[in-house]
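Single chain ahead, by itself, as structure tokens, in the form predicted on its own.
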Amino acid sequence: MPLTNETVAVVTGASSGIGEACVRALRANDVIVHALARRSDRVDRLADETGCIPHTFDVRDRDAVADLGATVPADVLINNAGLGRAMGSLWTAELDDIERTVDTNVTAAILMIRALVPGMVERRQGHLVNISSTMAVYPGGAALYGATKGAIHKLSRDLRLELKGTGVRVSEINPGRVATEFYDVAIDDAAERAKATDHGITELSPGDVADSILHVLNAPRHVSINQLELTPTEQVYGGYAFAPIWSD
């Protein structure tokens, strides 16, 4: 279902990074965009600059999500809101960080789907885009975050099967390293944050990811791009990792 000026899109996590870039790209294509974020100053500024419709609430707020589903006839849902706490060892993580990461990355995405996809099914058209990660399908050294993105990977695959015959497409986007505020939120310790971010490569920009999402959304109605992985050219996966513990 290629995008038109009558297409209604909902983008979560719209105040920065990939979400903000998606709002700007969609508005540049005259799409009606409902932009969701917790930070009212940022999403209001984005509305002033792009003409999107701002909504300020936490995607973990079940009542707010349900109200949105009851009032917005979305053709497109971009499930982008997410974060990465407890990026070190899972067994030393704070319980609050574990719950916040799982609730934001997994439960909130499911709530958004539950609220907006029934309308798509009723209208027999729509497109659900879940922003996952390369860490959903490759080991990445952050077990909790990887587990939440692995859940989104499986959710996307199974929804594709559940929604067969409805006209609703499901796409999973798996970006590698993107130049966003992710690690500013994920890692409190400045030295550890520097280790994670000082890598010397040219990362993807949020706009690179948004352009790929536009490509997925604009595919002809009979074409479903189920999964799209994109990484910086300088970022690769695979190989062997050895960590000797005992030596003779």
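Note that the structure is predicted; figures quoted are calculated from it, not measured. When you see a residue number, it is the position in the sequence shown, counting from 1.
The discussion below concerns the form predicted in complex with a small molecule, not included here.
When the small molecule is considered in the model of the complex, only one residue from L217, V33, V59, L46 comes within 4.5 Å through any heavy atom, namely V59. The contact residue chosen from R85, R177, R160, H153 relative to the small molecule in the model of the complex is R177, the criterion being a non-hydrogen atom within 4.5 angstroms. Highlighted residues S15, R39 and I131: every one comes within 4.5 Å of the small molecule in the model of the complex, counting any heavy atom. Interface residue remark: M112 is not counted as part of the site for the small molecule in the model of the complex, having no heavy atom within 4.5 Å. With a 4.5 Å cutoff on heavy atoms, K149 counts as touching the small molecule in the model of the complex. A81 belongs to the set of residues with a heavy atom inside 4.5 Å of the small molecule in the model of the complex. Looking at T104, you'd find a heavy atom of it within 4.5 angstroms of the small molecule in the model of the complex.
With the partner left out here, the small molecule still marks one of 113 to 121, 73 to 81, 162 to 170, 88 to 96 in the model of the complex; by a 4.5 Å heavy atom cut-off that stretch is 73 to 81.
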